[in-house]
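Before any questions on binding or motion, here is one chain by itself as structure tokens, the form predicted alone.
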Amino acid sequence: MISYGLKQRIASVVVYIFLAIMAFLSVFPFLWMLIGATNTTSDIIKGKMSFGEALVVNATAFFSQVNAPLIFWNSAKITIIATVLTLLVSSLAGYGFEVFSSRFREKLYTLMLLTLMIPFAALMIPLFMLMGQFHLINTHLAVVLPTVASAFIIFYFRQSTKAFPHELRDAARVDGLKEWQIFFLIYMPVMRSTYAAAFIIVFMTAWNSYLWPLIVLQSNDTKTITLVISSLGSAYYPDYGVVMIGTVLATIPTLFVFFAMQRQFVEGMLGSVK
């Protein structure tokens, strides 16, 4: 008969094996990307899984084919503007939904959440026509505007605002602060972990955005890094080594942001307030 302690150890081993397999499956695409960046296209097609000697050749080919400063600048500009505006608008909306009460608040909030059920494919044509009417096609503003009021981020901020100590808001009101002063001077500093988590989510989404920029950005001068890498991979004879180099370079900013704000991200997702 198996003892209770032995059962616990077997269960722990099974859990660790499962977590190790999941960790490997998560890390493998990044590892394959790094290895592929150092190999030739023929080696990648053959499935070579060891580092090669073609890193310099691939990097030279990438920078000769692509205007790297321009596409990185385009991606950075779109991502930063979209992130700042999304955090500002969505946090204001989430704060308002939680703090202020009105007769139609919950109905409006439910209606907003229902928009999460609408697939983006159904919105593309109306959005494209709308941007065309405002003469924004082929501009970065057309990429940014549809992302500013994110229903998911508004939902996230409203849920996080429930942990906000409302005694602070009441005390500030007694001291004579206006509502916008309470939001910018008290709410935002207190909820910095929530902002950090939302920042990572919005930043990664904006940086990796592909479908909508592909539709509205039509000239090479306005394209982002994801669109350019996609065009490299869709050639008649794609150079996968160059594609891998581009993918590695495009991944670096998101990795840097994530690891720089990892602790705040965990705190924000757990809903902690300091």
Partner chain sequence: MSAISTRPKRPRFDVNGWLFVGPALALIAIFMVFPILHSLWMSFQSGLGMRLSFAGLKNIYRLFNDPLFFMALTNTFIFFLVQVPVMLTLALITAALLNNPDIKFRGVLRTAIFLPCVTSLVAYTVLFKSMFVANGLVNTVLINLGIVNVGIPWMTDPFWCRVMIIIAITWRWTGYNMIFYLAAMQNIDRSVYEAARIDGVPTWARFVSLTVPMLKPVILFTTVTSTIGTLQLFDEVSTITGGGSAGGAAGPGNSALTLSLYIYNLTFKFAPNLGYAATVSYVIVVLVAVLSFLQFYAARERKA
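We call the rigid core the largest set of C-alpha positions that still match within 1.5 Å between the two forms. Everything numeric in this text was worked out from a predicted model, so none of it was measured. Residue numbers count along the first chain shown, from 1.
What follows is about the form predicted together with its partner chain, which we do not show.
For residue 105, a non-hydrogen atom is located within 4.5 Å of its partner chain in the predicted bound form, even though that partner is not displayed. Heavy atoms of residue 120 reach within 4.5 Å of its partner chain in the predicted bound form, making it an interface residue. For the chain shown alone, residue 23 is a contact residue for its partner chain in the predicted bound form, at least one non-hydrogen atom being within 4.5 angstroms.
Contact check for residue 163: no non-hydrogen atom falls within 4.5 Å of its partner chain in the predicted bound form.
The candidate spot formed by 96, 208 and 230 is fully in contact with its partner chain in the predicted bound form: every one of the three has a heavy atom within 4.5 Å. Here is the short version: of 172, 124, 196, 190, the single residue with a heavy atom within 4.5 Å of its partner chain in the predicted bound form is 124.
Note on the partner interface in the predicted bound form: the residue among 185, 168, 80, 116 having a heavy atom within 4.5 angstroms of its partner chain is 116. The partner is not shown here, but in the predicted bound form the stretch 22-53 reaches within 4.5 angstroms of its partner chain through a heavy atom at 22, 23, 25, 26, 27, 28, 29, 30, 32, 33, 44, 45, 46, 47, 49. A movement of the C-alpha atom of residue 252 falling short of 2 angstroms is seen between this form and the one not shown when the two forms are aligned on their rigid core.
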